[in-house]
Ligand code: HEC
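Only one chain is given next, in structure tokens, and it is the form predicted alone.
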């Protein structure tokens, strides 16, 4: 029932926007959203481990940036069916837009790394309360923002700078929480100092 109501609301707002103008509708929608948000705040939920977030969001999106270091995103031809492309640079939202989107995904994923209750691939809790963890997450957020700006600028020098920022942000955290030798406990010691 809620889904049908939401769909109906969206359709109604679209119709009103067409008739009255988008500015009025946007203001009304913002007011409705603010009222709904105040009425029923949702608790953040954890759906995946840190390993799954890294492999599902951060790894592929950083690779979009890394692959663009040697190929001008504007020169990448779209795939025959860009909506089914597995190459973000050649997909429907490819080229420089793929760099922008990857930057936003990395910056937003930084928020996911601060949600209490997430565990590492070894079952240990993600150390969200640690000051260095918060600093490392901010480094990732900043690197994602730099990537987004590089995509907007369409400047290869900015791409190289953003790639350096992403590499540094990842390695700062990995050196403390991920890279554990067998003498340090290996995989079982990840997410610990």
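Residue numbers count along the first chain shown, from 1. This is a predicted model, so every value here is computed, not measured.
One more form of this protein, predicted together with the named molecule, exists but is not displayed; see below.
Would residue 55 sit within 4.5 Å of the named molecule in the predicted complex, counting heavy atoms only? Contact check for residue 55: yes, within 4.5 Å of the named molecule in the predicted complex.
With a 4.5 Å heavy atom cut-off, would you call residue 46 a contact of the named molecule in the predicted complex? Outside the cut-off, so no.
In the predicted complex, does residue 136 come within 4.5 Å of the named molecule, counting heavy atoms only? Residue-level check for residue 136: yes, a contact with the named molecule.
Residue 51 versus the named molecule, in the predicted complex: is there a non-hydrogen atom within 4.5 Å? Looking in the predicted complex, residue contacts with the named molecule include residue 51, since a heavy atom lies within 4.5 Å.
Can you name the residues of 106 to 141 that have a heavy atom within 4.5 Å of the named molecule in the predicted complex? Going through 106 to 141 in order - heavy atoms within 4.5 Å of the named molecule in the predicted complex - the hits are 106, 113, 120, 121, 133, 136, 137, 140.
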